[in-house]
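Considered here are two forms of the same protein chain, supplied as structure tokens in two stand-alone entries, structure 1 and structure 2.
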Structure 1
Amino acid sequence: MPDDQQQKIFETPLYPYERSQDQDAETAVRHPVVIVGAGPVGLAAAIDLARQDVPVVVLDDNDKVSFGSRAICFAKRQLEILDRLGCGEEMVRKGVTWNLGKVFFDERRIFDFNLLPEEGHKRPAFINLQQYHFEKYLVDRVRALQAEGKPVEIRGLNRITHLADHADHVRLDVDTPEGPYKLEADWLIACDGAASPIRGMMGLDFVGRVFEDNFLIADVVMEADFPTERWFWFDPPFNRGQSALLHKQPDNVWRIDLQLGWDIDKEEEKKPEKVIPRLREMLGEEARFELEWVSIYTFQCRRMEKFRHGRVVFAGDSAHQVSPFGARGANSGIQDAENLVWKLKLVLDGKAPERLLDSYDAERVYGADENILNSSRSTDFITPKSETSRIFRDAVLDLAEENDFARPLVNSGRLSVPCTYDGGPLNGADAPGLPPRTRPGAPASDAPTGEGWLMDRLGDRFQLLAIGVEVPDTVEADGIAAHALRVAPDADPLLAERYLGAAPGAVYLMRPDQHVAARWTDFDEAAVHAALRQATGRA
């Protein structure tokens, strides 16, 4: 990327400070939802709320995109969520699409893998897209919604200095370039990052592990003929005793991660005179490249004990942290927003009790624990803590070169997959004999329907996905309706495989976040009523 384009992206305010009417009000103005943080998670939540006509104000102490590429790998499930939000296509078009990867040990290629080996999905396993592009597309979507008259506002250079959580609202002190003002929110969503000032103001903290190893991230601009795959090295000749990772991004930007070890001088290791020789050893002396961004990080696998505290709900990095190997940070944060927004809308509309939001805490803590477990295992495999562990790891890598059975044991980062809320509080009936992959709590699995992709036809409301079973147009329980989505059982063999198995037909109650709430092999109105009550916290 030419320097002038880079500087324009990083230096141009996306949401410059503007004085709001709230600053001139005699008393604090109350809003239904205030979001703190205009990163990927906060913006995704704001877009989802605004699309459904829930007024939302986003406060951020910055006015620009994040500096550096930061998060780059966005998984298939998140692309499906972005499609529903109305900005997925632009990101896929800009991003680098990939399904394949390679694992190396020393100078040997051990094996290849495919993260999406089956057909019948609209979106790929992953795209690589720098976070600054990702945020820009989300802000563009906010601007488009504003042009449509949707109730969403981003206030740049608005910094929270104090918070008070009351029984029916949250009161905020906000500082701006023109001085402070007060604001109130029925609900506050904290998406203000790993260092979360909101979490600090409330006296809350993380529990979990912090790992000792340090990793160098270098984003370099270069023209290279490496394929668009994820390449991971254990003990490569250019970084002996450590690991390395290579990814392609748009605009001829390449992400390189190099393990550095424990006792290092972080500021010294970030200097170009230290970074460039490392990169030349990896890429070759003849490689021509420019540094775009350099950072050093340590692994942290931690979370808050609870994500909901009264009228304050935490999402994304403010609620949980995982190591970057596996692409579980931003991806899980967007799933947080997806899980939260439909529940919050029902509560605000008076159609569900406040305790429905406790299911956000239950489900997303479950998801965070799954991510932390996978990330911790990846970290332990990538960075053995004893000589015995290293001998075991290296033996696994040697076996994996020739033996399929050993390859699942190789853990270079278990890459992000959507969480299935097994045993979740909103799960209803499950008919025996239907495929396990679409059980209650699972995210919908995409498939052709004969009239486009299934994922494009789901979302924003409860739906009865009827495959070869007669159902009414609408089924209602306690003022909440589930609308019929009818699909022929022979519309596509992949649809039948993923939703019917050997059954001739099935009925699925789908949640607004495209997760399965309950399923049956025939239609029973009383059973649907019970499942709707369960899925909205009324059971």
Structure 2
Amino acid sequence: MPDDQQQKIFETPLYPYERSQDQDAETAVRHPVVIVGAGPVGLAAAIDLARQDVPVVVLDDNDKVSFGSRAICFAKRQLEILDRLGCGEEMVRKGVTWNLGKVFFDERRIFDFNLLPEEGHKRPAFINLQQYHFEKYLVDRVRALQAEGKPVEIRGLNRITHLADHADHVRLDVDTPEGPYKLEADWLIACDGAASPIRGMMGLDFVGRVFEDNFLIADVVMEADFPTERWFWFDPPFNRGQSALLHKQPDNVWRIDLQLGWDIDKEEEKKPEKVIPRLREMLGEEARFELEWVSIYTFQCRRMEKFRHGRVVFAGDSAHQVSPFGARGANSGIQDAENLVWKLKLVLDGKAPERLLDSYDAERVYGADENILNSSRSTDFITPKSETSRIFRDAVLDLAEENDFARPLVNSGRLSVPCTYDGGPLNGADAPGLPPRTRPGAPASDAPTGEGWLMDRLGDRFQLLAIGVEVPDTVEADGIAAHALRVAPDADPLLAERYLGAAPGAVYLMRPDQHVAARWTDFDEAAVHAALRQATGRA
């Protein structure tokens, strides 16, 4: 991308401040849902709510996309979620799809890997896409929904200065370029990032582990022959004793992460005269590149004890943070939004009790812990904390060059996969003999159905996925209906492998977020009723 175009995306207000009617109201206007933060998580939640006709207002203290590439790696599950939100195709078309990786140790290339994406999925395992593009596509989607008359607003340069929790609603003081106003929300979703001002205003904890390390992150624009692969270096000559990562993004932008260690002068390390020679050493003397963005960060692995506090629900980085290895930050935030929205809609519609939202807390805390565990382990491998851990790390890398067995121990990041909510409060019956991967709590696995991809046919509502079993068109319990989605058992062998195993047929109760609620090998109306009640917090 030429520089001027690049500058434009960072400098043009995407949702410029506009005066809202609410600012002239005599008493504070009440909205069903207010979202704080127009980053990837807040926007995804807003789109999902608006699509389903839940009025939503997004407040952001800025008015532009985030500066620099930031989150760049989006996983298959998130692409499936984006498809459901109506903007997956643009992202996949723009993004860089990759499967190959190389691992280097010292001066040697020790092995290559292929993510070997499984057959029979609409979406690839990963795409790389700069966060600013990601946000731009989401804002475009918001604009398209507005054009369709959907009830969604983004208010730029609206900063919350005070929050009061009134049991059945939240009262907000909002500051704008034209002065303050008051606003009320039945529900507030705090997607205001790792430094969450909302969390601070509520005096809530955010505990965990701070890793004593600094990373220099640079985006460079480069015409280069490097292949579309993830390259990871342990202890390379150009960054002795540390690690480095090179990853391709769209528009000839390359993302480089250089570990710097703890005892450094951050301001000094960020200066181009310091950064450029480092990159030249890494990329080779002949590489021609321009530095687009440089940032230094220290990361932490931590989460809030609870993500729901009365009428305020935290999602994304405001609720949990992980190290960047594994692309588990933005990806898990999108899953938070996905998990929350259908529950919030049922509660707002009076179809489910408020305690359904406690399952958001249970399921996404479980997911956050899984992500924190994985990313902490990656960090401990990449940055050994003691002499002995370094000896073992180097032993693994030395062995990996010649020995296949050691390669699974090499941990340069375990890439984001969606969490299965094992033991989750909404899970219903399971039937023995059906494949473990689609057990209750698991996200649906995509598969061809003979009439398009399964993922394109699931979502937004409860469905009874009936494979070779007779079911009625709808099954209803307490005002919530599950709609039949009938698929032939021989429609595709991959579908049978993922949903039937050796069974001749199966019935799956799928949640609106495409997770499995319960499953059986035959249809029993009373059992489906019980599972529907379980999955909506009525059990």
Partner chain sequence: MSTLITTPNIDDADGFYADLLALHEGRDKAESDAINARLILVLANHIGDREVLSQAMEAAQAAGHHD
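All residue numbers here follow the sequence of structure 1, with the first residue given the number 1. Nothing here was measured: the structure is a model prediction, and the numbers come from that model. Here the rigid core means the biggest group of C-alpha atoms that line up within 1.5 Å when the two forms are laid on top of each other.
Here the chain taken from the form predicted in complex with its partner chain appears as structure 2, while structure 1 comes from elsewhere.
In the core-superposed comparison between structure 1 and structure 2, residue 107 has its Cα shifted by at least 2 Å.
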